[in-house]
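Quick heads-up: the structure tokens below are two forms of one chain, split into structure 1 and structure 2.
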Structure 1
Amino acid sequence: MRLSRSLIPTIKETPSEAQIASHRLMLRAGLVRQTASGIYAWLPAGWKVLQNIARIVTEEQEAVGAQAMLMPTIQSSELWKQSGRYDAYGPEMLRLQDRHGRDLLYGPTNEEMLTDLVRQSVNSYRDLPQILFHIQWKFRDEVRPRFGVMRGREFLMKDAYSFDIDYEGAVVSYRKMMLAYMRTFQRLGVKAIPMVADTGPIGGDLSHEFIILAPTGESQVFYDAAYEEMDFTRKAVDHENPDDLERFFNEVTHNYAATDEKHDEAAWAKVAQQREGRGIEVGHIFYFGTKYSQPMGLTVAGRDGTPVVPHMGSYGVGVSRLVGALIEAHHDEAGIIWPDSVAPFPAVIINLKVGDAGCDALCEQAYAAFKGRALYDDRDMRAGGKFADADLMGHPWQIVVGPRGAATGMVELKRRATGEKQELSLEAALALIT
């Protein structure tokens, strides 16, 4: 993408409405623009980040056997009345009526809808277990939306739902999701710690929330330093083997981890490698048994032919919230520092003298090598402004082309995360980046 033709409206000034770093930098870097209170339009660069996160989330869900689908944003109130949550959920639910006076709602979550879909489609224990997920926009009418996409009213969320014939099966599904989440966050370039959590309006009696460590986090967290050394992407865990999953789950959860709300001073005193910090919640998983399947009449034929009420769980990841959380965890005074896995562009090509034949030719050669995936700063402006925008937007790599280097086919390569610079041939620079 050529920056001169792109809708990436960077701004120098700090927006007055931005209270935290991620909100400030998302506005300044041209990722989003607010269209109403707590509601944002995602501009091209921001949309690329959102898609990259969603892709990683999807890949790790499918890797443990979850099936992708898509449910509508608008739901019938009748399903929520069957579960008993229509009146209990509170004013955060956006309620509306169609032209025929039928009560509808903009879904804040999908337990009821998917229970109904499974009720229509699954008849026997042989059809279980099932884990289904989608990535869809949600709406919760926050009293005071703030912090940009971190606490907005409309947000993109991955929500998954498991259905098992009994408690033992439900625990296996829960552990699969725990594994998928730990791998997801590691691929996103952040350290996420699972902490025992309250279940809230979702309900249930087994629950963990996932906290990303970030200096500007909303919660005080206490954790065992062992979490800092865990590697999940290369961990040999067979998600189809319940014994493997149990060993993995015990390894992950036996170390101390708690938010300030759940902090146990007596247990904390026994932790040898104590760490404290701030954290941001980006995911939450629940087991809630028959809380929804029972009142909604979901039954399947058991092994002996008698009706059995399936056990359920739900598993959420805030995809749009993750964009803000990643920035909170990865930024400096100059701007965003994107992890390679989610950056909107792997590199920016900076032409220091647009119109110079050598610079133009070498930049075009570099741009062609990326097949349109890189950002080419071909604007006719001073170098200082280009460097400032490159740091602000957080591209993992910067390829800087000036007249002196272009004459010999050399470029300056800068790594955004470390600030390290080196002069080398374009071919060598491309090899390092790819």
Structure 2
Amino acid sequence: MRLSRSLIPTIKETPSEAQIASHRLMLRAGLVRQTASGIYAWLPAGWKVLQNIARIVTEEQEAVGAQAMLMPTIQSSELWKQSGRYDAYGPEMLRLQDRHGRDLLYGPTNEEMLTDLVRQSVNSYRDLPQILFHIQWKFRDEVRPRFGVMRGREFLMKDAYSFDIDYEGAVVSYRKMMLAYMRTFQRLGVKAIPMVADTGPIGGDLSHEFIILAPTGESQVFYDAAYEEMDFTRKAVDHENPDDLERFFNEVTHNYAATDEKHDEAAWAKVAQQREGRGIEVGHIFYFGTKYSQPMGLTVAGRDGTPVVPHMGSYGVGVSRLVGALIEAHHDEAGIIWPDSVAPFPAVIINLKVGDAGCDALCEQAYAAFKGRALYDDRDMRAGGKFADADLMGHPWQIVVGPRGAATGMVELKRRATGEKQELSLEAALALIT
């Protein structure tokens, strides 16, 4: 993208409405703009980040056998009346009526809709297990939308749903998702600790929230300091092998880590290295048995032919919230520091003297090498402003082209994360980056 022709409206001043770093930086770096309370437009650079996260989430879901699909945002109220949640959900649900007076709603989640779809097409235990997911906009009329995209009203979520013939099967599906989540967050460049969370009336311990530690987080958390050191994701785990999954699950959940809802003083007392803090919930996985399949009449023929009610789980990732959470975890005074995996552009090419034949030619050569995927700062303005914007936007690499180096094909390469700079040929710089 050529910056001179892009809608990436960076701003120098700190926006007064933003209370936390990620919200300020998302506005300042021109990633998003609010269009109504808790509702955001994703501008070109922000949209790229969102898509990069969605791609990684999708790849890791598919890697454990979950199937991608897409359900609509607008739902009929009928299914919610069947599950008993239409009235119970309360004012967070945005309710609509069509021209015929039929009750519709903008989906806050999709348990009912998918239970209905499975009910229509799955008839036998042989058709199970199934895990399906989609990445779709949700609407929840939050009382207090805040912190930018972290608690929006319209937000992008990955939600997966599992259907198994029995509890044992559901446990296997749950562990597959635990594996997928740990791999996903590692690839996104953040440490998300799985914390035991409330299961409500279902009971048991098959509910985990994935929490990124940050002082501005909304959740109060208690965990063993061992988690700060642990790297649980490098090992190979065969997701088709239940024993492998069990071993992985036990390792990942071995130490104490719980959100305040599920905090257990007796167990906590035994933790040697106690840590208390704040965290951002970026995902939540949950086993809920037959809570929806039962009232909605989803049954399949079991092994002996008698009808069986499948056990379900649901598994959410806050895709748009993650953009804010990643920035909370990766920024400094000057701006965002994108992990390579999600950066909107792998590099920015900074032309220090637009109009200088040598600079222009070398920049064009660099830009062509990225096949349009890099950002080319071709604006006719002072170097200081360009450097400040590059640091603010957080591109992993900055390729700086000035008249002196351009004569001999040399550039200055800066790594945003470390600030480290080196002079080298354009070819060598490109080889380092790709």
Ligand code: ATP
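Basically, rigid core = biggest C-alpha set you can superpose within 1.5 Å across the two forms. Remember, it's a predicted structure, so these values are computed and weren't measured experimentally. Throughout, residue numbering runs from 1 along the sequence of structure 1.
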_Displayed copy of the chain that is the form predicted in complex with the named molecule_ = 2
_Post core alignment: T216 C-alpha displaced by 2 Å or more between structures 1 and 2_ = yes
_Superposing on the rigid core, I want to see if R278 changes position between structures 1 and 2 - specifically a Cα shift of 2 Å or more._
yes
*Core-superposed comparison between structures 1 and 2, A361 Cα displacement 2 Å or beyond*: no
*After superposition on the rigid core, what is the displacement of the C-alpha atom of A226 between structures 1 and 2, in Å?*
3.4
